[in-house]
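Only one chain is given next, in structure tokens, and it is the form predicted on its own.
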């Protein structure tokens, strides 16, 4: 799936929030870090709305995000890319992987996976491996299903997800898969990727016909993104992204992973934990200049 990004000889960065809640200080840190690097590289900063999960992403949250970003004084180049308007792009990428025999339907429920993992642990006497997020690696129950049987079950409407056959993907991508990272001064170095630690990741579901991994890889290529700046919690996921880039014939940006903001309990700020939002801070009379100073962007 080779693609031609927009013609531009400048560095291109992107800030890509999901409108499934209100932005907090962690999002402000990420957005402002992107702004700082875009200025350092004399490049452009794009805004992308990552709203593939239509059940959780709401227009009201998107508008609130835009208000917060305007309040912080952030300015973005060109048009905003909204992922929910580009499912066809992700379907095309998925079809490329399917034609290469890299994707298979998986009909296992979470309970079936848990039972299979528990059985493997009981038999081996050793803990089953987990991915960087702490979830058990998929034990491959559906990986070797007869293709005709799998097609019959899909046609019958049986619930399923589409998984990447990681072992085959790595074989086709080649042994020397890695990516460039850059530091605060812009200096780059190459590091190896370790996608095998993720196992057969999910690339699409029946209710959401793409995944974060697939959509960001396609979007970065189509938007001509040259530098990705995001939190350290997404560093390990880059292993998956560079493999997909290699398989789809897409360019690989350089990456920078900034520190995360931690609350008083030692946990990272998160929408799911109802961390204090930028809107709440604004309502308390805190200024955008004060937020910038607090985060080191005075």
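Numbering follows the first chain given and starts at 1. Values in this document were obtained by computation on a predicted structure and should not be read as measured data.
The same protein also exists as the form predicted in complex with a small molecule; that form is not shown, yet it is the one meant from here on.
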message = So in the predicted complex, is the small molecule close enough to residue 270 to count as touching (4.5 Å, heavy atoms)?
response = no
inquiry  = Is it the case that residue 239, even though its partner is missing from this view, gets within 4.5 Å of the small molecule in the predicted complex, heavy atoms only?
reply    = no
task = With heavy atoms only and a cut-off of 4.5 Å, decide whether residue 212 touches the small molecule in the predicted complex.
result = yes
inquiry  = Considering non-hydrogen atoms and a 4.5 Å limit, does the small molecule approach residue 18 in the predicted complex?
reply    = yes
ask   = the small molecule in the predicted complex: within 4.5 Å of a heavy atom of each of 14, 216 and 234?
value = yes
ask   = For the chain shown here without its partner, which stretch in 66-74, 37-45, 53-61, 226-234 has non-hydrogen atoms within 4.5 angstroms of the small molecule in the predicted complex?
value = 226-234
